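Just so you know, structure 1 and structure 2 below are the same protein chain in two forms, each on its own as structure tokens.
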Structure 1
């Protein structure tokens, strides 16, 4: 079983477009959306939720104002500026570190369970999907990502599938680290812009860090062919497998607007043909490796 994450460093490069299409094309798979901050894959795959669970993040501090002597210790020790001058904890800023809880001289602070999001096991027309969503302004996306990956692996083993297709979050921080840890392969989707190149270089460092073999795809490649060429050379130099380019095709935006994966939207679109070929290349490569 191969777990394949689609990540991008930069947001808006077409990660979800590619993930949704790969989720359709891969034959025997579990689908996972690890972009818990802004999950969009469900907008294309239209999952029917079967199991819904609460996600609890770090506990949050709560000050019992009736017994508080307003000594100021908690405010002084909190390094996240989460406690206001009138002794109210801002749960959006509280990182659950428990410093105030352990240091309060009169013990009026308690740590309370905090529902920080939800996760789901769903059915889509293309297979089982595990996904989640973080509550507004919540932290600990890495922990929720880890849960989603574990649940997806559980079903992958139970159903003996060949692939877990993971739609990853943007960036290179906590949730991405949590998405990539322990993986052998990932797909980096980039765009031919200065920003795309800059973010790809950072993402490559992260791939090296995790010892991941990346496949690279350039989306909207004809917007700046020169830059596409530069990115292509760069990724090969860095030891990535350059999969190919998806030219700017209005049918991609159309399919998004209609809420459908582009590979099933129009029978004979250019984008469909190319993405299908890209997936074939991945399958060929991985089948040789197994």
Structure 2
């Protein structure tokens, strides 16, 4: 079984368009959406939720006001200004550091479990999907990503699939690190701009750090052929497998508006043909590794 993450150094590069299409094209797979801060793969794959679970992040402080002597110690030691003058903890500001909990002279502060989001096991027309969402202003996205990956792996082993197709978060932060940790292969999607090149270079550093063999795709490549060529050369110099280019196709925009993966939206679109060829290249390469 091979776990393959599709990631990008920044948002808006077409990562989810590629992820949704690969989720359709791959046979015998589990789909995982690890973009828990702003998930959108479900908008294209239309999952039907079968299992819903609460996700608990860091514990938050709670003050028992009936026993509180209002000495002010907790307010003084809270560096996040999370405790109001009337001794109520703002859970949106509380970082769960436990300083107030340890410093309270009468021990009336407790650390309580805090629901920070949810995760789901669903069925889509293209296979089982594991996904989740973090609550507004909540943290610990990396922990939720790890849970989603573990649940996806459980079903992958149970159902003896060949692939886990992972739609990763954009950027290079904690949730991306959690997505890439332990992987052997990933797909980096970028665009032919200076910022696209810069973010890809930072993403390549992560690939090197985690010892991942990356495939690189340039989306909307014909909008700046010179920059596309520069990114292609850079990818090869960095040891990546340059998979190919997807030229701009208005059908992609139409498919997104209609909430469908582009590879099933229009039978003979240019984007469908190229993305299908790109997946075939990956499949041919990875089939020798399964």
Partner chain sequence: MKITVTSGKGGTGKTLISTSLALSLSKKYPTTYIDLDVEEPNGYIFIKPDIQKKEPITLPFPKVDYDKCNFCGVCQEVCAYNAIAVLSFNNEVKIFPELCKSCGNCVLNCPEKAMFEVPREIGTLTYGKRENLKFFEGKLNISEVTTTSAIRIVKKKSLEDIRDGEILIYDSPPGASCPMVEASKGGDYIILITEPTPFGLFDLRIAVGVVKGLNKKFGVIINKEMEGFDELYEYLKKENIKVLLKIPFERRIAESYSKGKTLSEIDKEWEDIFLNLYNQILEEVND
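Numbering follows the first chain given and starts at 1. Since the structure is predicted, the reported quantities are computational estimates derived from the model, not experimental observations. Note that the rigid core is defined as the largest set of C-alphas that superpose within 1.5 Å between two forms.
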Report task. Can you spot the form predicted alone among structures 1 and 2? Result -> 2
Report task. State in degrees the rotation separating the positions of the smaller rigid part between the two structures, with the larger part superposed on its C-alpha atoms. Result -> 17
Query raised in the report: Once the rigid core is matched, what's the CA displacement of residue 63 between the two structures in angstrom?
Result: 3.3
Query - Rigid core superposed, the C-alpha shift at residue 73 between the two structures in Å - result: 4.5
